[in-house]
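To begin, one chain is listed below as structure tokens, in the form predicted on its own.
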């Protein structure tokens, strides 16, 4: 009984300390970190991605995982076998999981039985940004929803708010599980949330996202959704595409050709 009472008092003290520090946290958080890009950075008003699954599926069936491996190497994503603790930036889901609102009894087998590449959708109206108490999650002027890992408290409000399951929590120190460390990108710590950032660090250096660059068949097309002359806009104007859970009003920036 005494142990339980002591633990209760400790928990209560921690909560009071957090509340007392909250005003300071809000002041320090501001409106999100300033983002400074190189002179040669790729310029875009709202970045978006088109994924041509008909080009992707034949390669995937042959064992191609180039885009996912490139993403893992670029961002020091740990390889954790425990499914409950794995960290995912770019991965695959079956159609019924990726597009539950569009799945029905007569969905063509050519689609229903196939895997779909999924990641953070970099929504134009991101619910994760609204709920983050320290603004560790913020939306850049170019539409990318990214993170400042140093501001993350690990509260996981963003994970609860994201309707796409696109965020992962580091339940343990991820660094021992990194196979090939990229010294140009920061590693994370235990208790921090992370997700796809559309390779913002590469765009700021004038490079395409790692997954786009690694794709051998051109299944990933990246560009400015606000530029009518960009390749992504031309594809969207010529071919029918679908997005994940559009009925939620988040306005995802990832489109699928099926």
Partner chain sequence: MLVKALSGSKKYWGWITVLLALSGAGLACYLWQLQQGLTITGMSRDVSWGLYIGQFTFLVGVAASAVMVVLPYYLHNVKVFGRITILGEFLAVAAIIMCLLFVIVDLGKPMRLFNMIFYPTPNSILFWDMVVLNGYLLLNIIVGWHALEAEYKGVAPPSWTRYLVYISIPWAVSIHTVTAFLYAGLPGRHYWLTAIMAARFLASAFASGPALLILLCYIIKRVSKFDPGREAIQKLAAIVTYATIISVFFVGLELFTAFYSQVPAHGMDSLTYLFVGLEGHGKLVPWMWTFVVLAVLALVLLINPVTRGKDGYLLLACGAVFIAMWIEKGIGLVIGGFVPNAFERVTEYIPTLPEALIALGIWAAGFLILTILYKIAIAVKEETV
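Numbering follows the first chain given and starts at 1. Note that the structure is a prediction, hence the values are computed from the model and not measured.
Another form, the form predicted together with its partner chain, is not on view; read the next lines as being about it.
With respect to its partner chain in the predicted bound form, the three residues 71, 75 and 124 uniformly fall beyond 4.5 angstroms at the level of their nearest heavy atom. Site annotation in the predicted bound form: the residue of 186, 141, 108, 165 reaching within 4.5 Å of its partner chain with a heavy atom is 165. Although the partner is absent here, residue 133 sits close enough that one of its heavy atoms falls within 4.5 Å of its partner chain in the predicted bound form. In the predicted bound form, residue 112 stays away from its partner chain, with no heavy atom inside 4.5 Å. Residue contact with its partner chain in the predicted bound form: residue 160 places a heavy atom within 4.5 Å of it. Its partner chain is not shown here, but in the predicted bound form it comes within 4.5 Å of a heavy atom of residue 84. Residues of 143 to 163 placing a heavy atom within 4.5 Å of its partner chain in the predicted bound form, in sequence order: 149, 150, 151, 152, 153, 154, 155, 156, 157, 159, 160, 161, 162, 163.
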